[in-house]
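Next up: a single chain in structure tokens, the form predicted on its own.
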């Protein structure tokens, strides 16, 4: 950029300052306030008792919190398969010649993303309903009446059952993200690969996936961040039950703060959620970079 066209420093600061102030007010200040409150025993009244690292020591021995963390990790794993994985497959199908009315399919796949999580949870409560749910009705029609049951009362697969509506809602977003990434691949490369005999799965595995890796990495990191802070679907669908079997970290922090009025401990839980989420994203990034370097050095 020429020097005459380059804006002055104070002009750049003037443009950035409103955004920085808003971001600081809605993000940084609440985090710093939560960090400060996490060192107190506080039930919401005017009196706060400083306890140092007491809340964090309690978190280390809190079985419900770590069970909730494992549920978040499971939801992330299911999300990577159900949202990123299937989104990538659907994007490949939409780019192929097999699928007609591609515009209609793109619109329909993205439609669930426009609905509020509470509505999604309500729709899937109807699907899982024991008496008139679509799932039990389908099993009965197929002659599998022995499998009919109250699905949301199961403790074993409850995280998987709660993750399906989340994937159903977000798969359209990831499909469009993948379509944007796949459309940037040079078509001549694909045509040359096809002339060399790479078609179908081989073409996707050896040509498209390596070229679409930056998009896959971004989608995976977005999926990890979304599932580690998951709250609305679980709250509306199961409320964390049965018992605490489907509880997630954000729901546990909400219940601790606003139902049990332990604001100090709830603040410590919020800081722990931020820390663990950033740690998960950092580990995933390092793992992906290590794989890229090892392949590049091979």
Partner chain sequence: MNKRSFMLGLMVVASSVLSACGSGDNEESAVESGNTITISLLHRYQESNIGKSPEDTAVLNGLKRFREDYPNIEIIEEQLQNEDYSIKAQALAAADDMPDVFIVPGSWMTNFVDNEIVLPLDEELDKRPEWRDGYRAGTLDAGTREGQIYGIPIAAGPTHLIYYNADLFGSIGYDQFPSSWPDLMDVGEKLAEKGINLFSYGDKSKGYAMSSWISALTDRINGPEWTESILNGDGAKFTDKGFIQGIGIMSELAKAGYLNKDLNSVDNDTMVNYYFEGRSAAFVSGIWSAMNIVNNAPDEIKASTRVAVFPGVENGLGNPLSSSGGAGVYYSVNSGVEAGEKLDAIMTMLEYMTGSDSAKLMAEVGGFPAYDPGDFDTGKLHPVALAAYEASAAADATKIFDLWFDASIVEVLNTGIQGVMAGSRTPEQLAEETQQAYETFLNQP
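Residue numbers count along the first chain shown, from 1. Because the structure is a prediction, the values reported are computed rather than measured.
Although it is not shown, the form predicted in complex with its partner chain is what the next lines describe.
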* **Interface residue in the model of the complex among 199, 131, 114, 186, criterion: non-hydrogen atom within 4.5 angstroms of its partner chain** => 131
* To do: Using a 4.5 Å heavy atom cut-off, indicate which stretch of 204-212, 83-91, 171-179, 131-139 touches its partner chain in the model of the complex.
  => 131-139
* Answer yes if any heavy atom of residue 272 is within 4.5 Å of a heavy atom of its partner chain in the model of the complex; otherwise answer no. => no
* **Distance check, residue 152 to its partner chain in the model of the complex, heavy atom within 4.5 Å** => yes
* Asked: Taking the shortest heavy atom distance, is residue 259 within 4.5 Å of its partner chain in the model of the complex?
  -> yes
* Heavy atoms within 4.5 Å of its partner chain in the model of the complex: does residue 249 have any? -> no
* **Stretch 58-79: residues contacting its partner chain in the model of the complex, 4.5 Å heavy atom cut-off** => none
